[in-house]
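Shown here is one chain on its own, the form predicted alone, set out as structure tokens.
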Amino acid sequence: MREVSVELDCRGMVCPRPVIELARHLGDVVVGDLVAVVAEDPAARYDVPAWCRMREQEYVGADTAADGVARYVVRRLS
């Protein structure tokens, strides 16, 4: 996986805030770059991939942040 350009700290935010933050900050990276959403909310596991399908962005996958919190990686396609 390429290096993430922007990592959004959404710890403590509940649905739908992590995907709202993703939508707000996707424009902070150029097309082709990666954005990561770090979120404790269990709904983010489903919301981020669903948001990518709806917005025609690429859901790259999930891994973990340095502190063990789930991290969801998205590639900006447009």
Partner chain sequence: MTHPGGYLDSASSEPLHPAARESLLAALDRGYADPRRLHKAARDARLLLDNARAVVAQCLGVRADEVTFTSSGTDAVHRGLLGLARARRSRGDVVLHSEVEHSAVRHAATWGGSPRLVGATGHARVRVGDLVESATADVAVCALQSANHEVGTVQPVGDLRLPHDVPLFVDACASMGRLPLPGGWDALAGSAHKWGGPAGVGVLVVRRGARWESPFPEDDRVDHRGSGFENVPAALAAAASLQAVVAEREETHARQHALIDQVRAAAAALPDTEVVGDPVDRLPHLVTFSCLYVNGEALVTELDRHGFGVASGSACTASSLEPSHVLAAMGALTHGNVRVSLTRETTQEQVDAFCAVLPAVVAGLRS
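Owing to the predicted nature of the structure, the values given are computational and were not obtained by experimental measurement. Numbering follows the first chain given and starts at 1.
Form predicted together with its partner chain: not shown, discussed below.
**Q** Is there a heavy atom of D33 lying 4.5 Å or less from a heavy atom of its partner chain in the predicted complex?
**A** It does not: once its partner chain is placed as it appears in the predicted complex, D33 has no heavy atom within 4.5 Å of it.
**Q** Although its partner chain is absent from this view, report whether V69 comes within 4.5 Å of it in the predicted complex, heavy atoms only.
**A** No, V69 stays farther than 4.5 Å from its partner chain in the predicted complex.
**Q** Indicate whether D28 is a 4.5 Å heavy atom neighbour of its partner chain in the predicted complex.
**A** Looking in the predicted complex, residue contacts with its partner chain do not include D28, since no heavy atom lies within 4.5 Å.
**Q** Is P16 near its partner chain? Define near as a heavy atom within 4.5 Å, in the predicted complex.
**A** Contact check for P16: yes, within 4.5 Å of its partner chain in the predicted complex.
**Q** Along 51-73, which positions have a non-hydrogen atom within 4.5 Å of its partner chain in the predicted complex?
**A** If the 4.5 Å heavy-atom criterion is applied to its partner chain in the predicted complex, 51-73 yields W51, R53, M54, R55.
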